[in-house]
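You are given structure tokens for the same protein chain in two forms, set apart as structure 1 and structure 2.
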Structure 1
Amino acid sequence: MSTQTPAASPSSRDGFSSRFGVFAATLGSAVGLGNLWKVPYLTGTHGGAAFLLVYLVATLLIGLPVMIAEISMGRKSRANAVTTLQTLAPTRGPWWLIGVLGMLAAFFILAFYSEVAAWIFAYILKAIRGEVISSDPTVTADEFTALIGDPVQSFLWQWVVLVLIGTILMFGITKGIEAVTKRLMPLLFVLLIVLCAVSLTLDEAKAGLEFLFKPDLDELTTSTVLVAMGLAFFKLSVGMGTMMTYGSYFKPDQNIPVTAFRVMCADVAVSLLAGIAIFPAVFTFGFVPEAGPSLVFITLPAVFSQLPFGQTLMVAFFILAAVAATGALLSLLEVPIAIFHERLRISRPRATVLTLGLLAAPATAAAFSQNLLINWQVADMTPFVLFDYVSSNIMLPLGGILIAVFVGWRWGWPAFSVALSNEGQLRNQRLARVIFTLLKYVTPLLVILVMAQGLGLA
């Protein structure tokens, strides 16, 4: 357990202990079901390579600068997201509300994300037992529908996941988050590369790769661009204070832009590898890429059943996905936990229990979205879909605009450049200028434009 007292001074504050630990934990936050579930199904339903291209551009121009902004703010203040905005605002003002908005977004994301993680964990067991493996997608579809249609299983698996993640978090930063992600992230890469190697030997590998990498720009619409941008925020875990919170655990000599850039590259690599693992197989066995959210749960098991060692590979895939989900969930829960721990001065275990308690209502609404509450819809969306849509396409971009505006127009250039250069230790002023200019002008304008268009406001 963490021995830290609630009102710890900065020097005794828990944090990441090594360079690799910082990288693994930050990458562990970025890499998640986003890469293995969202990127493949959104790419599949939005036309393939053109969507992927917009997502990559948004990642570089919007996601990366906001990530760098968040980490440097967090490291400067060494505190949770709410306190960070409060202390960095030169004159007080309602800036801390950005932290509150972020915490709200964390609960929205956690609610549906923990349910998808629940299906993943359930599928590990099902795959080991050989239950979901069939070459007939109507059979695999029935299996999936039975799982999500069962309120008891949906609810229980979700709490298996949440209690597991909550337990890790009670151990704190070094002994909890860092210890776990340091071991799991390398495993994820190894498993993914094995799956890619198998997929590339399949007959229709070329069709799969073309779908992923040969853009057809006619496929793009304004709502597609909004979804791609929302994905860029979601993927890098930015726009809601996660990276601020993790930044507060960074060591003073960590090179922030370099670390952020590496995390972005590794995260994009995992998404592309996931696509390479999935789409050649989808095309080879005559499935459609447009299956939607069920792609990994219905299409993939049918694909695996046709591969040599299919069942073993399938177990491997779902373990991989569970690993990815774990690192991301840790970072999502850490945002409210850090806020409650430091603002309410309660111990980490208590803050964890409080967070899970508050999460219970929205999480249950998400768990029951496909069964008991299926008719409980707002604008044709179940709670599950609504939480996902509102968080990615409204809350994260909005948080991103506010963070960019905060850095560009309030925190300001002198403070930002000092933070980015580790108090003058690094010679990266030109780079810092570029990032600052992006944050001050480009990010807010671009995000407002895409949001207005995508939401049909302009």
Structure 2
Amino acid sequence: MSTQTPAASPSSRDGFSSRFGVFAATLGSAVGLGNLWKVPYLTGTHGGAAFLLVYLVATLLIGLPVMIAEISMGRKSRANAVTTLQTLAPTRGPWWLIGVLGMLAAFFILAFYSEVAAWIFAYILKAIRGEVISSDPTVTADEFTALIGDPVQSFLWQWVVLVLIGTILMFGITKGIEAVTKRLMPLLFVLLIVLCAVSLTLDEAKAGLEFLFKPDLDELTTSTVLVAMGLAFFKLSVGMGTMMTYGSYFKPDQNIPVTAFRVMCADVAVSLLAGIAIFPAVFTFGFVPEAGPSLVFITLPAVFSQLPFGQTLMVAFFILAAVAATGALLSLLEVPIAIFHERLRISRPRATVLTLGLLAAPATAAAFSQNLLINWQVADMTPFVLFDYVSSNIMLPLGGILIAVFVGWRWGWPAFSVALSNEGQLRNQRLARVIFTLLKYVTPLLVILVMAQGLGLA
């Protein structure tokens, strides 16, 4: 009996069934642990509101145009990332390699991001048991060190997460990705608002809000601007094939610029709400906003221990973080699954198993980076750090540059304007022209600066 299935035609291909489903899934891809972890700690280490101001401007000039480009390309082709490039540029050059680059970037990110997600899921259980609630940061630091230093826990929690995500994706787009994200995204906002409400009652809430929203332009440096630009690019899940893949599931009448802008605004709102939930508590209890990545796993448990109903709130926070991680992991894993499903003509379950099998070695290496493989390093980087560095500083910026160049110089204005106007149904030519001009001339140069910063060249 053949294991192959016929390639899906655009008309029969699974896709998102509603406008809210499109929004929830796309937002789920953009919102991740970075909103609850990376944006707050980068804001803390780069001067607060001034950094956020640059981040917002850069999002409009870098992240949003590439996001719109990817979604437009995916919807036009109704195919995976590799086939999309082959369809839109069938004769001129190996543009399809952009899709391959996106798939490889997704694998590299999945390898280390699944381990961070594993820590989050493990902390839900730890929070329920009361193992990490202590006013002494030394105690919370010891708990985190014990978790990442245990190869068995690191490995098992990682594969609990990956099997969970893989199981959801086996159900497809409508019954899998859309059904889950339509429930998780509202839950994410509800939990965030509850945490914000508690945080705003604290003694130093005003200091925390001023830190976030009162810009001090004297804090701006060239390095700060470049870091903010890089964050704006990475936060919208562009350059790795996720938006192109999700775009292929968009409804034909979906207004792409409006949807992308709403996703961007909601993504920024999640980051700001996370800051409102975190920084008043950090200031109230005498911690430093510059705590960096340890903010989530070491500082916050100590903060929660000093709040009324602290253990309950901490459980809610880590559930919130798990929700954010789930949406991002779904979109990352879908990139290779869609490619294998459509190009190898195998069922989604088989494509999912194949993807997880190929991911096993790099993911396990990342899981063991803080224990069994801690001395196995390349250029002074453990596998975990190496996967993060290569994907974040090389693959994603390069993918973003190539997508912008492809749209601006190969696909061209006529095809882009038709795609963005829903085959002439929308009167948005002025907006389309602005986006196209950014993609052709501005965005590639800014992403090159981001790449140079990431590689230490700027």
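Numbering for residues begins at 1 and runs along the sequence of structure 1. For clarity, a rigid core is taken as the largest C-alpha set superposing within 1.5 Å between two forms. What you see is a predicted model, and the numbers here were worked out from it, not measured in a lab.
So which is it, 1 or 2, that shows the form predicted together with tryptophan (TRP)?
Answer is structure 1, the other one does not fit.
Superposing on the rigid core, I want to see if T43 changes position between the two structures - specifically a Cα shift of 2 Å or more.
Yes, because once the rigid core is superposed, the C-alpha of T43 moves 2 Å or more between the two structures.
For V180, is the CA shift between the two structures at least 2 Å following rigid-core superposition?
For V180, whose C-alpha is compared between the two structures after core superposition, the shift is less than 2 Å.
Superpose the two forms on their rigid core, then report whether the C-alpha of T224 is displaced by 2 angstroms or more between the two structures.
True for T224: a C-alpha shift of 2 Å or more.
Rigid core superposed: how many angstrom does the CA of L56 shift between the two structures?
Here L56 registers a C-alpha shift of 2.3 Å.
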